[in-house]
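Same chain, two versions here, written out as structure tokens and called structure 1 and structure 2.
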Structure 1
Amino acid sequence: MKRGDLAAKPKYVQIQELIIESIEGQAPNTPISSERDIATQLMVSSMTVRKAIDALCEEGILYRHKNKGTYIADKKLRKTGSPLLILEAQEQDSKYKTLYFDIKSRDDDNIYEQLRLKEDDQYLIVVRLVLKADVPYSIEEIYISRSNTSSADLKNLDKVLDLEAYIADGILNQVFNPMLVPTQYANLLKIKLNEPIIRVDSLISHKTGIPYVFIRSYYNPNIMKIEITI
């Protein structure tokens, strides 16, 4: 970390934080100061203030009324932005219990298609139980191309399985499948046989389209609803 990096944050980010501070505790639909006023007060260009407010609007913290003003949005309905997968990681009380681990060659065409593997490529599979407050929350089957993981990584599975890192700068595609809980997972999830659940198939790719990792999640419907806000 260099010395000059003390003021490393761009001004518009600092202004975002200032605005968030200043509206804290205020009721939704209260107007904030005008862009010009804020720019004058902070002695910055109005374009810089505008960029900060743009971002906060994008996040759903503020909203604009043309020719009228900028207002505080209803926080209850703030845009989440975070994909479902991250919900698990964000809440810190998650525990993981690895059920199975292996390196496989071609035996599941679907996985090969998803990860765009070639005939003789190998892939890693990890099956783990996700617990929240010691209650079974979901089961994740994680598939990663063997060529994406160094031998050193194999000894440090946590790093390989840091899904947040994959997702941070990537693209997430999720497909929701209704099904009855697989018999081999019913006990682990502590739900009844024949109970309907949602299996989420997630493919995380780089923006270039190269897939990183494919995850099948079987969610316990009694613990947490799958929910998104846009």
Structure 2
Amino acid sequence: MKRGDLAAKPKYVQIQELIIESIEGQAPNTPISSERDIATQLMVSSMTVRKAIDALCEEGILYRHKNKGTYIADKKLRKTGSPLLILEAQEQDSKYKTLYFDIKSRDDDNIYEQLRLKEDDQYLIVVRLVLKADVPYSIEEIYISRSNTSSADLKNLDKVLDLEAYIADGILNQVFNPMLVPTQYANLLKIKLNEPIIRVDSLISHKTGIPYVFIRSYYNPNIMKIEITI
């Protein structure tokens, strides 16, 4: 890594650019130099380097592994959008009603593909109705690998279903699927059969690329409006 010219832009921005340049072509999950080493090389403060790395972690270009250092993130997991729609249902005025809970073996090939499960692996599925001001807001199908949940965890579903905790340590990718409301959810959402809705598929992965949790969210079109700008 060369020091270059740090005068034209704020130092931390220049350091971001230098780090991006230095990791170009390197494999995902490769460690970068320590903050102290980078600060020494560039003759800047460790605080400035930390600010630059924090920004790159926020963008999904780098990630920190607890007590081990900072690593290059997989490009496929980099953030491409800002709204985290699944978090909107976790506001203080939201209520949840569990509709279904089970542990399944191979049943849905798409779930196995999303969570990268092996043939004999099991997964946890929780279906819940999300209410805001006692009005049906969405239905969430939440899928988590059984290997990521202990027996003790299963006794505390609130902890298992704390989506914010997963996102805080991971990367969120979302796919928007226009569709008709599934028959079994129309009455629960209090909308008509054949009503057009948006289903948002959300995959939360660790920055190493290992999936944490997969969510299918069916939003009530009378309450939640989703606009997609291309």
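Numbers follow structure 1, counted from its first residue as 1. This structure is a prediction, so every number in the text was calculated from the model and none was measured. We call the rigid core whatever largest set of C-alpha positions still superposes within 1.5 Å between the two forms.
The chain as displayed in structure 2 is taken from the form predicted alone. Relative to the superposed rigid core, the position of the CA of I19 differs between structure 1 and structure 2 by 2 Å or more.
Once the core of the two forms is superposed, the Cα of Q41 has moved 30.1 Å between structure 1 and structure 2.
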